[in-house]
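Single chain ahead, written as structure tokens, the form predicted alone.
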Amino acid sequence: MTETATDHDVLVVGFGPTGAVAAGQLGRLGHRTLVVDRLTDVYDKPRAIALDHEIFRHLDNMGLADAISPHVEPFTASEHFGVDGQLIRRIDMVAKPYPLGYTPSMVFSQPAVEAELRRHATSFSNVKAELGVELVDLVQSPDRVEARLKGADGRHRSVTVRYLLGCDGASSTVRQIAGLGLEDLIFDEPWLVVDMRVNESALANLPQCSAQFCNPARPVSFLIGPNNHRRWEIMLLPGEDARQMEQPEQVWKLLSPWLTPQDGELWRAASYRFHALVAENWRNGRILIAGDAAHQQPPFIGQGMCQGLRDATNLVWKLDRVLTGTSSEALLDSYTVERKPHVIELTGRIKAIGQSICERDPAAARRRDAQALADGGGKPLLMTRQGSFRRCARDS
């Protein structure tokens, strides 16, 4: 069968990490790729903060390890504190030699890493990136997808592609137009995420490793990012207005146990509802979705971006075989079949960990604390991060 001529082989909607990795891999394979994003530049504040050794291997295989390494650091140990502020559990890295050759858990600066992913994608002459461009509609036929785009100047135009990949985030326009519904995996909590650039003089006054403050009055996560980047994830309580809690005066009240306004720069404060959702199907004919467009998870083990990059890597080699005529289009059905169960399994474990560290009932929280100390022989339980993932999920 001869394919009808199109403007591009693939349109990638969304130039965040998932879209950039997909575009870069498609570019390396020689496919005519257009990638668009409604923003005009890399979002200059951090969102994702963690990646793992499997994802770093993906990036290394793409030739990106040296470029992104300056913006990546090993994840610190993590300490969990119970109802009364006592240490109940310490989670550290597995010992060398590392299973996949790299530090199993890492933190990174998203704006800098995302810029490198975009630079890599656009280094291929067959990849074209257009920023400030928004998808407004799409129509698919048996042999193509016609996408209607709106530029920064407000003008509309249409492009035709053989396949369209939606990497356009949790509120994905692609997913909605394609009619790909979401399944609720039953997790919905309001949180405030605060990113700080902390002054050098104040760093010593903060915890020297990442921490989970498992206080039922208000659970809080503390993460040590690269350089002087520190993140707090703070549960919002019933009756608190999410938008009001983002305001600097409220943020500083919440941070008062650790910092004063003189101790650093408030980089970002954003309220979120931490959801657990997965698309029922990740493909509708020639339209596919990946990353947050296909699934959303609570952030308790930092796997959100990692899952999106797994999606891109899983899908691109299949698209390559279909685009080159090596395999039939039926191969694309295996994308949902392979990725969705993995996401559901991982999300279940993340939920269990989150429910344990964020227990709001004081009596249940004390039982949790007592069990952790009992498991440690009367002392704080010592675990590795990879082992804790299975252990905490199983015990919750």
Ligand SMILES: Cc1cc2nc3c(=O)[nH]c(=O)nc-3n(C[C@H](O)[C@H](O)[C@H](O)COP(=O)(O)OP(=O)(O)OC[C@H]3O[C@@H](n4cnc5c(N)ncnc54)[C@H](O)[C@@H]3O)c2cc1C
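The numbering used is simple: start at 1 and walk along the sequence shown. This one's a predicted model, so the numbers in the text were calculated from it and none came from an experiment.
In what follows, reference is made to the form predicted in complex with this ligand, a form of this protein that is not presented.
Q: Just to be sure I understand the contacts: of C306, V127, L259, M196, which is the one whose heavy atoms reach within 4.5 angstroms of this ligand in the predicted complex?
A: Only one option qualifies, and that one is C306.
Q: Which listed residue (I357, L332, L59, V36) meets the criterion of a heavy atom within 4.5 Å of this ligand in the predicted complex?
A: Of the listed residues, the single hit is V36.
Q: State yes only if every one of F15, D168 and G291 has a non-hydrogen atom within 4.5 Å of this ligand in the predicted complex; otherwise state no.
A: The answer is yes; F15, D168 and G291 each reach this ligand.
Q: At the 4.5 Å heavy atom threshold, is R231 in contact with this ligand in the predicted complex?
A: Answer yes; at least one heavy atom of R231 falls within 4.5 Å of this ligand in the predicted complex.
Q: Tell me, yes or no, whether R32 is in contact with this ligand in the predicted complex, where a contact means a heavy atom of each within 4.5 Å.
A: R32: no, not in contact with this ligand in the predicted complex.
Q: Using heavy atoms and a 4.5 Å limit, would one call F274 a contact residue for this ligand in the predicted complex?
A: Yes, F274 is a contact residue.
Q: Taking heavy atoms and a 4.5 Å cut-off, does R47 contact this ligand in the predicted complex?
A: Yes, R47 lies within 4.5 Å of this ligand in the predicted complex.
Q: Only one of these stretches, 178-186, 85-93, 291-299, 151-159, has heavy atoms within 4.5 Å of this ligand in the predicted complex; which one is it?
A: Single hit among the candidates: 291-299.
Q: With the partner left out here, which residues of 135-151 have a non-hydrogen atom within 4.5 Å of this ligand in the predicted complex?
A: Sequence-ordered list has one entry, L135.
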